[in-house]
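Here we start with a single chain on its own, the form predicted on its own, put down as structure tokens.
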Amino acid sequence: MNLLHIKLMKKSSWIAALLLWAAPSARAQSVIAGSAIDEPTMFYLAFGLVVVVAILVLVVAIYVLQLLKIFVSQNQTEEQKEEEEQVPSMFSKLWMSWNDLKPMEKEEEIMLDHNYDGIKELDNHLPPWWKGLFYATIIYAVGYILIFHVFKTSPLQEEKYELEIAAAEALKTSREADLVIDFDENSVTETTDAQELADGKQFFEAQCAVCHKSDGGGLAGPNLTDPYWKHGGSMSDVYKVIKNGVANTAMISWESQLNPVRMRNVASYVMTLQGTNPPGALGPDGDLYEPESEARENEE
């Protein structure tokens, strides 16, 4: 048994081990298929298994070709080896054809008469792959014009944006139609639901923090954490300010953009900021609001 046979046996055993490794994977795939896994996950698992098997088959084919090449070279004479070395490989031929390259021996045939201080120019053509991509871009441009501008079978970016906005507005309207509003600006009460307060906090930090800071301490707008208010400090007062806005100020009306439940969530979150006293908060601005005195006035 020569060295080549030993190498062949070693590589064959390694290939067999790879294929044996793929077999349990296929069995595992069948077991997974019987379990409660959703269809998209099953698709990705099956696709991944196919890719792995394809890679293994490719590796096996490459190794087999290498072994055959070694086996053939062992039985060739020196003259046959020299003749084979002079013949360009398949990859070299493919590279030459893709780039339309000329061998060094034929450069005189494409030499131009230009001569710049000893620097000469070759009449090389553009590579075929480059011309293919260029023609592909032309075909794509023609198709784009026909689809989007001539036949108008697909919307342009602006039209698609308007369609998505309209769909979002329709969805918003349908959802608001299902809302049960059992309060108005005079009878609204604070919500204690954690999810609704989180919704109010999210909106406050996204839209209101610009003027009031994320902690409510006030910046361009007043401090919302102390008991001093310009337009009343009750839940109803805060709700009215969010709904109607404040004239001649940066506080806009949110009635056209938020439904009553969302405005109640924001107002309820603002009420939770009372007494937090964050560092760097603005000083008192407005009148002191005392809930006890308001309750007594309502009783009277």
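All residue numbers refer to positions in the sequence shown, first residue = 1. A quick note: this is a predicted structure, and the numbers were derived from the prediction, not measured.
Just so you know, the form predicted in complex with a small molecule exists too; it's not on screen, but the next bit is about it.
J.: Since only the chain is shown here, I'm wondering whether residue 251 would be in contact with the small molecule in the model of the complex (any heavy atom pair within 4.5 Å).
T.: Yes.
J.: Report yes if any heavy atom of residue 197 sits within 4.5 Å of a heavy atom of the small molecule in the model of the complex; otherwise report no.
T.: Because no heavy atom of residue 197 falls inside 4.5 Å of the small molecule in the model of the complex, the answer is no.
J.: Find out whether any non-hydrogen atom of residue 230 is located within 4.5 angstroms of the small molecule in the model of the complex, and reply yes or no.
T.: Residue 230 belongs to the contact set for the small molecule.
J.: For residue 222, is any heavy atom within 4.5 Å of the small molecule in the model of the complex, or not?
T.: Contact check for residue 222: yes, within 4.5 Å of the small molecule in the model of the complex.
J.: Only one of these stretches, 208 to 216, 165 to 173, 148 to 156, 115 to 123, has heavy atoms within 4.5 Å of the small molecule in the model of the complex; which one is it?
T.: Of the options, only 208 to 216 has residues within 4.5 Å of the partner.
J.: So which of 45, 246, 64, 57 reaches within 4.5 angstroms of the small molecule in the model of the complex, heavy atom to heavy atom?
T.: Contact residue from the list: 246.
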